[in-house]
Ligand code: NAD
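Encoded as structure tokens, the following chain is the form predicted alone, with no partner shown.
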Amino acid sequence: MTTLAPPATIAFIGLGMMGKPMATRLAAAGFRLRLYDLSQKAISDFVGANPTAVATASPKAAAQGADAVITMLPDGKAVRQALIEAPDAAQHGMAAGTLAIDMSSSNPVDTQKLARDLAAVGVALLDAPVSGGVKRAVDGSLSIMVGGNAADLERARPAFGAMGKTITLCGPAGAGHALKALNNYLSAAGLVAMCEALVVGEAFGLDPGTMVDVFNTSTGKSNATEVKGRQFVVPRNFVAGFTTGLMAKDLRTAGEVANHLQLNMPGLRQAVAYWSDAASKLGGSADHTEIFRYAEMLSDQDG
């Protein structure tokens, strides 16, 4: 089996907000890229900036001759379509022994089925979602949560190393996607708690910047207070680079996992409802730090 070290060939499917900088890191590391995206402009812009990359017209064409196929798509349904269900799906271009790597945020139960379906045609799957947002995608310091076989992770480690700083094997197929969804539940809950604290504090007359500084030297410290408070919420610029709609989707995924396991998780259920309503009110494309605006909206309601 080929180790994914430069100059191995990687088919990269999905050049969105996260996929583009991740693929750029791979190109800069010396990997040969074969690209596919529904947006021809996204492909042509990428090739213009990275002339060694090859544009293709379908997932099948991207996968032909590739040692691995990486997907970075909106959800697991889009991944399944690109890899096995579309008439021009990647599996029709993948040779036995090719490694499929889904770096999207997908439903882990669906990922388990996808892994079985790909194994039937001789293709191993790693689910490898990421955390860190656009900034860490650009500088190559993402946290990568991997589900799958340990030997396949070792094959992929050089490619992961070009995109991320922390690479963790979380368990078998689906484990990476499960942990990503649960991580985002914690992240979302912490962000809401900080924003509600800021709304109450400001109403009382406290300075929001001072509040965040105190949180960061006290027991209220969290990723939200350290990374998002002073940078995006206090100045109200809301440019963290991850949407409210995607956060709501990840929370729904976490909720679906709990439901699949027949676990009653009221806090998680409440978070799903909170963020789903926020996405409806703010718009799914709103930055997820704009949840502060949603907290302000709720504070103005009676009761």
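All values reported here derive from a predicted model rather than from experimental measurement. A residue's number is simply how far along the shown sequence it sits, counting from 1.
Omitted here: the form predicted together with nicotinamide-adenine-dinucleotide (NAD). The next part is about that form.
Just one listed stretch, out of 130-138, 190-198, 168-176, 217-225, contacts nicotinamide-adenine-dinucleotide (NAD) in the predicted bound form at the 4.5 Å heavy atom level, and that stretch is 130-138. A heavy atom within 4.5 Å of nicotinamide-adenine-dinucleotide (NAD) in the predicted bound form is found for one listed residue only; from Ala273, Ala55, Ala28, Leu38, this is Leu38.
Only one of the listed residues (Ile10, Ala279, Ile13, Ala23) places a non-hydrogen atom within 4.5 angstroms of nicotinamide-adenine-dinucleotide (NAD) in the predicted bound form, and that residue is Ile13. Annotated contacts: Asp67, Gly148 and Pro158 are all free of nicotinamide-adenine-dinucleotide (NAD) in the predicted bound form [non-hydrogen atom within 4.5 angstroms]. Among heavy atoms of Leu73, some come within 4.5 Å of nicotinamide-adenine-dinucleotide (NAD) in the predicted bound form. Taking non-hydrogen atoms only, Phe242 approaches nicotinamide-adenine-dinucleotide (NAD) to within 4.5 angstroms in the predicted bound form. Among heavy atoms of Ile291, none comes within 4.5 Å of nicotinamide-adenine-dinucleotide (NAD) in the predicted bound form.
In the predicted bound form, nicotinamide-adenine-dinucleotide (NAD) sits within 4.5 Å of a heavy atom belonging to Leu246.
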